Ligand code: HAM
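First comes one chain, alone, set out as structure tokens in the form predicted on its own.
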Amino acid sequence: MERLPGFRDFYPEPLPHADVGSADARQFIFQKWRDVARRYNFREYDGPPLEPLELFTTKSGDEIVGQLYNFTDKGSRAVALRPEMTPTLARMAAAHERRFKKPIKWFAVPQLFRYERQQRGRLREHFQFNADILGETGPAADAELIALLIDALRSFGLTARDFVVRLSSRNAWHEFYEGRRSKSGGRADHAHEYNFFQTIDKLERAPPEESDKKLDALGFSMAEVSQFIESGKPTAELETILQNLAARGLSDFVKVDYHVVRGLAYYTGAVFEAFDARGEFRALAGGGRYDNLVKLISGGKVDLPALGFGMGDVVLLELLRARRLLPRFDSATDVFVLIEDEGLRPQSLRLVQDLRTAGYAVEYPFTATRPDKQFKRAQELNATRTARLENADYVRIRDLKTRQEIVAGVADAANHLK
């Protein structure tokens, strides 16, 4: 029986096949994400993988239903597997925001699901590093979040030669949109502006003639749009963010690029995306300010400004492999306890337990096995040392790299391993 298309099996390394995921690499990435988030004093949260369908249609409209794993449950409720984490965060924050001091700095590492066409760097499930700040309107929060994103990527050994954060502004694009529409005598409305943003968001991926046709239908020309993008003049908001990042020594990792607009309708201010510098992969991460979402999700009861980003594991893993930045994931066996005298098995099991209690990764033969086979198994597990009881009171410890041996009291074995 095979797994579903677009989903992954995660095996411990060495991997049995190239078409499976690495549980070791996944854990490596999760740990880096958590470490850098905690350095920035973000607290971890989580929510249910199954949510009311209305939570996602409220944020993104009914058109998102075609991209979801959704169904009616046994309680006749319309539900969906979460395609993103931000609506859940908005729901949770709105429910109990009075109990938390502002600004709220939270992160999560959820598994997300989307029923869509598979392509390179995009599957039907993935894990994502989400980091958000709620209750802060100033651009210092935007800079803090971008710095977190930069440091998260740097924690893997990536440098300014490997990635860049492209910074833009929905406010700047909104002013551009309003200005051109008023000059042409057109009437601006939400749906029209959303279609405009969708077109801008796809400029670098769609054929030029297709984009030109869509812009013309919306009352814009490719020439004026290109001129605005190429000017690259930062707004006062973006300039403040850039100065904040410069003070941290992070200027080399960020640039203003108005190609970035983020097609999702709920963004309200600065937006950004991280890309590999060579342009070989899809976006590594993306996010921005969404000051109206909590108010929308809460039905107007809670008005809480917010901003955040998401970084998926699929594209990041591809980049780390391409740059040879993944470590070797060898078995981390500290000690293999040899049991050559079955009469000492009870005492050997006690030694195994004591060493594990002391924090060591310990293996041993489950059944009576020839000494040479035991030693071979220790080598297969890349054990650092072997330990063998000489008698009930003493143990012989051998370092498999240096071949040095010591004999120690059984009660003191853990201390000698240090």
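Residues carry their position along the shown sequence, with the first being 1. If you're wondering where the values come from, they're calculated on a predicted model, not measured in any experiment.
Same protein, other form: the form predicted in complex with the ligand, not shown, and the subject of what follows.
Enquirer: Thinking of the ligand in the predicted complex, which stretch from 253 to 261, 279 to 287, 297 to 305, 151 to 159 has heavy atoms inside 4.5 Å of it?
Expert: Among the listed stretches, the partner-contacting one is 279 to 287.
Enquirer: Determine whether any heavy atom of Gln128 comes within 4.5 Å of a heavy atom of the ligand in the predicted complex, and answer yes or no.
Expert: Close contact exists here: in the predicted complex, Gln128 approaches the ligand to within 4.5 Å, heavy atoms only.
Enquirer: In the predicted complex, is there a heavy atom of the ligand that lies within 4.5 Å of any heavy atom of Thr86, even though the partner is absent here?
Expert: Flag for Thr86 set to yes.
Enquirer: So, Val337 and the ligand: in the predicted complex, are they within 4.5 Å at any heavy atom pair?
Expert: So Val337 does not count as contacting the ligand.
Enquirer: How about Phe220 - does it come within 4.5 Å of the ligand in the predicted complex, if we only consider non-hydrogen atoms?
Expert: Output for Phe220 is no: heavy atoms all beyond 4.5 Å of the ligand.
Enquirer: Among Val164, Val225, Val314, Ala143, which has at least one heavy atom within 4.5 Å of the ligand in the predicted complex?
Expert: Among Val164, Val225, Val314, Ala143, a heavy atom within 4.5 Å of the ligand in the predicted complex occurs only for Val314.
Enquirer: Considering Lys105, Arg170, Arg114, Arg181, which brings a non-hydrogen atom within 4.5 Å of the ligand in the predicted complex?
Expert: When the ligand is considered in the predicted complex, the option within 4.5 Å is Arg114.
Enquirer: Who in 107 to 123 is close to the ligand in the predicted complex, meaning a heavy atom within 4.5 Å?
Expert: Arg114, Glu116, Gly121, Arg122, Leu123, in sequence order.
Enquirer: Work out the direction of the Cα-Cα change for Ile64 and His126 in the predicted complex: closer or farther than in this form? It's 3 angstroms or more.
Expert: They are closer; the C-alpha distance drops by 3 Å or more in the predicted complex.
Enquirer: Between Asp313 and Ile64, do the C-alpha atoms lie closer or farther in the predicted complex than in the shown form, with a difference of 3 angstroms or more?
Expert: Closer together, which means the C-alphas of Asp313 and Ile64 are at least 3 Å nearer in the predicted complex.
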